[in-house]
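Heads up, the chain below is alone and in the form predicted alone; it's given as structure tokens.
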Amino acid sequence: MLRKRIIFTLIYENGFFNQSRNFRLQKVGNLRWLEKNYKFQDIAFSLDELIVLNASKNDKNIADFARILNKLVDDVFIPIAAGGGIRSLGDAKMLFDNGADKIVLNTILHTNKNLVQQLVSKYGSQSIVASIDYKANDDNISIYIKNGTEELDIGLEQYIKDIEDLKVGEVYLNSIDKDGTGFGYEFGAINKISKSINVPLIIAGGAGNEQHLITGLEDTNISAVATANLFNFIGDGLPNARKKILEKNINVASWN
């Protein structure tokens, strides 16, 4: 059985890392602030993976983002996935060349499926993460692209099937309504597709404490839980969360 994963997501915009709430960004600090407060070299054993997303709205300068990524991942020995604004093979190559082990795709899953297929062909399914942003209202689940600004006229289950046809490696399912709230994951959409999805499922949006992570990881259909909450998991938050997860005998990696 594949081990489950704990993932930390960093939201980057125009030189700063941000706290996000319902996709509204609040600047927290630059790379120097992040290194001072988080020291990813030290907390890497609390994580299985790091995701870095470029949420810059006007100009997703891939070259600038790649330079930040290169500095961020120095001496961090866990897998890194990076994305936001990938619009060409060259964009993807730049991220891979600067430390990414995987790339995260969102808007082009809908607008440029041919490019997605080219990326899968060149780098392999295991290197491609499909990111889906959504809002849930009762039984209605709406999918959004372009930083959550454009709603698609397609159901979640069909969208998942279309993405799977592109041979992506895994799906990152992110609730816009729960994003940054710390109130726990939104399980309406998760439960709707978790039993039928054929690729690993990462859930995101809403985790604010270790119990939220545990609840997600205890679901047999969920492969990984992600949090982007910079404040709730600062300091010893992540090491303590992993310790409690291991105490629950959840199948995550344990290192001495």
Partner chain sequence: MKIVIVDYGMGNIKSVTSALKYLRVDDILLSNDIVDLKSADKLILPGVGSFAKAMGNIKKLNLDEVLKTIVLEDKKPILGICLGMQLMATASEEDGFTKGLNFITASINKFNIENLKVPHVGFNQVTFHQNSKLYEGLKDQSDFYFTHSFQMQSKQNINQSTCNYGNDFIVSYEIDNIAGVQFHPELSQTNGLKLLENFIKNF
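On a predicted model such as this, the values are computed, not experimentally measured, just so you know. Residue numbers count along the first chain shown, from 1.
Just so it is clear, the following notes concern the form predicted in complex with the partner chain, a form of the same protein that is not shown.
Shown alone, this chain has one stretch from 106-114, 168-176, 130-138, 144-152 that lies within 4.5 Å of the partner chain in the predicted bound form by heavy atoms: 168-176. Among heavy atoms of D101, some come within 4.5 Å of the partner chain in the predicted bound form.
The partner chain in the predicted bound form is not approached by W33, whose heavy atoms all lie more than 4.5 angstroms from it. At least one heavy atom of K122 is located within 4.5 Å of the partner chain in the predicted bound form. Interface membership of N221, defined by any non-hydrogen atom within 4.5 Å of the partner chain in the predicted bound form, is confirmed. A heavy atom within 4.5 Å of the partner chain in the predicted bound form is found for exactly one of A55, A44, V28, I214: A44. Checked against the partner chain in the predicted bound form, the candidates N37, S194, N61, N209 yield a single residue with a heavy atom inside 4.5 Å, and that residue is S194.
Contacts with the partner chain in the predicted bound form, taken as any heavy atom within 4.5 Å, map within 61-75 to N70, V73, D74, D75.
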